[in-house]
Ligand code: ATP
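A single chain comes next, written as structure tokens; it is the form predicted alone.
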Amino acid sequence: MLEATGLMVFYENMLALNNVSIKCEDKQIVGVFGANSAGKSTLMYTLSGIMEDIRKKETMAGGERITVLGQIRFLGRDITDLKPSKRAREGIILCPERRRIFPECSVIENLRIGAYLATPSQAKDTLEYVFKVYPSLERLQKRVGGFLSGGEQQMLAVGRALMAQPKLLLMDEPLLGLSPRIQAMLVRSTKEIRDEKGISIIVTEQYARPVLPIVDYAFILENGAAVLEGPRDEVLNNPDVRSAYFGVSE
């Protein structure tokens, strides 16, 4: 599905990603865990191609110089130099940190905006599926996005990403700032989306406890580097991981 090797991202002289390699197989859920400033969002921006847009804008504005190195392959094809819009057309869709819905648009308008890559029949079927996974969105479909709760906005952000017909869904800290009850619901729905739609998922989170039980493979980032990786159970039973990310001392 996706394989990135030797990713390095420099902001001027600061190293944000340090030789990170990551792989997500077909229909896998891969978790990337790390503290704030570990490089999680930089990794997601790099995989989605948004980092290239950021780099160009900074260059044009005479701002921060950003350097991106490494290779990204998707479905056997080198997409390292592919624009984010073209990566989206290939099926790589980012659900960004802090939701970033269109707050002035209604729920249904946000979802329809997300369907810009879908055929009419795909949009219709996916909308029905989004309302099945998140029934509250169907009840709230005429409500303006800015008046939704944080959990409802996160459901809308995921639903909007699904409307774009992803083959690989990148979810950047989807549980940020949400209650444990809403977190648990979103984790369950993430697994359902993979199981029912066969969509591969890479999800980042600061805290591993809610998400690690549903992932197939996990990476731990520290200071921009992948310091540990392995299958879920192997990482789950690692005493260092349990201490740092679960608060369990052994």
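So that there is no doubt, residue numbering starts at 1 and follows the sequence shown. Note that the structure is predicted; figures quoted are calculated from it, not measured.
Not pictured, yet referred to below: the form predicted in complex with this ligand.
Proximity to this ligand in the predicted complex, defined as a heavy atom within 4.5 Å, singles out one entry of 190, 42, 48, 200, which is 42. Put simply, of 222, 53, 64, 195 only one has a heavy atom within 4.5 Å of this ligand in the predicted complex, and it is 64.
Among residues of the shown chain, residue 182 is not one whose heavy atoms approach this ligand to within 4.5 Å in the predicted complex.
The closest non-hydrogen atom of residue 90 lies beyond 4.5 Å of this ligand in the predicted complex. Proximity of residue 152 to this ligand in the predicted complex: non-hydrogen atoms within 4.5 Å are absent; the residue sits far from the partner.
Residue 138 falls outside the set of residues with a heavy atom inside 4.5 Å of this ligand in the predicted complex. Residues 11, 14, 16 are the members of 3-29 with a non-hydrogen atom no more than 4.5 angstroms from this ligand in the predicted complex.
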